[in-house]
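First, one chain by itself in structure tokens, the form predicted alone.
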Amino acid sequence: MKALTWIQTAFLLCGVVFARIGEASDQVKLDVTPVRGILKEGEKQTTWIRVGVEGFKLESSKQRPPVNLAIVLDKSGSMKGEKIQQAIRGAIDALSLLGPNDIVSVITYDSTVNVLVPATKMTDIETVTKAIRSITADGNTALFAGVSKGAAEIRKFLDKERVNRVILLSDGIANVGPSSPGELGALGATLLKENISVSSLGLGLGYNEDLMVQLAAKSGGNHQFIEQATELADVFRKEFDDVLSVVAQEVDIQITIPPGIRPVRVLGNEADINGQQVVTRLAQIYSRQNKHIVIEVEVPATENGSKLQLANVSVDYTNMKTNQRDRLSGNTEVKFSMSTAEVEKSLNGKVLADVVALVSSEQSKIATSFLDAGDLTRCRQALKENGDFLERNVALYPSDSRLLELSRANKIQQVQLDGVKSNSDPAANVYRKGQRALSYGVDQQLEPKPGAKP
């Protein structure tokens, strides 16, 4: 495929390395590192820059910020039986992780929306537990209204010193009220501006993964595909663990690319490229999480022995330990040489692996777009080419466990499509939901959750 060949060619031209690290133990660290420290002189070329932030370690649960959670549960008719019972058990189990300073609300929705537990401090867990146990399933799926009501409960105690999160569980297609990925994505983007994120948990094979991914992506939350209801307890607990480990919020990153260098694209998070300025926002960073974006830039031909600054970066964020706005800054430059050996030696394998993971995610999305168009031949070919691409890089960096896992997942995706004759085949549905969840996790650098697919 031409697109992949171009990408692979770009890797051969990639370059460079530099970092600026925060010093305090209770501050986020910033790392600005190109993929090569030295580029070939006299050639117009593209290279990649990784801009990474790392959350500081929470030494104990006493240091964590209080949370403001809204649990929004689908109780439409399709949730009857084991699904709703497992959802009840999972939610109740996860509540045990909360403390008396945390706030929780519980919202259920079917054809209509019901605030089962209004936003309240977790000083009476028995009352909240009893209310959740009373849930029964019936009706249609007013998903948009359910999330909106969850956000309304969050707003009652909305506070920048709290982690504000809606956790949405659904197993079905939104069929009451706004129901398109665009509409739910717009809702997520609005909530992000309010410092509210939404984690979407898709249960079974009947939900709209595009809608759920857009809602999570636009708001900065997590997304998870849960094929079996028995996985719900582990997934709920892991989601609560994430919320309880947030060390930074409202992370605004601004990257200035010097004149003469052209920013091409950004992978790893939605970003705006306005001339020489690249701007993106991360909703939050977890304790000890490494979160990064990568930027592809076009560099002009430069003479041997010269140096060229590639980017200046500033990061502003809310420190959830000190409740202050902190600022970090960094920059990076690259040298030019006529020596191919020097260029090759300057390669930063860790940065290249990060780039490979994100480009592989993009290629996997392309494969799925062919599936959506009903072109299974091109879908399989794109998956194969992506698999070959991953295997080559695994061979170069066998110690990178992520690339090994992505290569394994790609093989599973290829097997899932064996024998599939149309995109309406149930196996194609399993593949698609798994791919969307996997790509989202790669893009957001999320740790795999129990039950992660594929």
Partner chain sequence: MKPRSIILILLIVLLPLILLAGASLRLASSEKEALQKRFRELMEDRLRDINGGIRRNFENIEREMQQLTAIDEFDVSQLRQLIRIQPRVLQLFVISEKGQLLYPDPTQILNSTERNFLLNTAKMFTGQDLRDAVLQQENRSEQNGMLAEPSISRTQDKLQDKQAPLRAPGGLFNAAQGWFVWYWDRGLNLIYWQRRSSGQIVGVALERGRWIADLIAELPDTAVAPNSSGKGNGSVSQQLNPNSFETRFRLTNSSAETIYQWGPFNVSDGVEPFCEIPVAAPLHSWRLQCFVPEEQLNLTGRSAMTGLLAGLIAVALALLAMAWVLYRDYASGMREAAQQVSFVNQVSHELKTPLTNIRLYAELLETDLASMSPEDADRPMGRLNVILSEGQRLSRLIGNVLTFARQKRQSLQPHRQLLVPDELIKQIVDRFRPALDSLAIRIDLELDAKVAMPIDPDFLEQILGNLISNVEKYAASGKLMRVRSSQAEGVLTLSVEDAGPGIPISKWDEVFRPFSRLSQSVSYAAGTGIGLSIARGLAREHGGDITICQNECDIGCRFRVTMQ
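Residue numbers count along the first chain shown, from 1. In this text, all values refer to a predicted model and were calculated from it rather than measured experimentally.
Another form exists, predicted together with the partner chain; not displayed. Remarks below refer to it.
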Scan E161, E344, D272, D372 and let me know which has any heavy atom within 4.5 Å of the partner chain in the model of the complex.
-> D272
None of L376, M122, A152, I92 but one has a heavy atom within 4.5 Å of the partner chain in the model of the complex; the exception is A152
Judged by heavy atoms and a 4.5 Å cut-off, are T302, S306 and S401 together in contact with the partner chain in the model of the complex?
-> no
Contact between E82 and the partner chain in the model of the complex at 4.5 Å, heavy atoms?
-> no
D326 within 4.5 Å of the partner chain in the model of the complex, heavy atoms | no
Partner proximity in the model of the complex: S287 to the partner chain, non-hydrogen atom cutoff 4.5 Å | no
Taking the shortest heavy atom distance, is V279 within 4.5 Å of the partner chain in the model of the complex?
-> yes
Mind telling me which stretch in 360-368, 181-189, 236-244, 205-213 gets its heavy atoms within 4.5 Å of the partner chain in the model of the complex?
-> 181-189
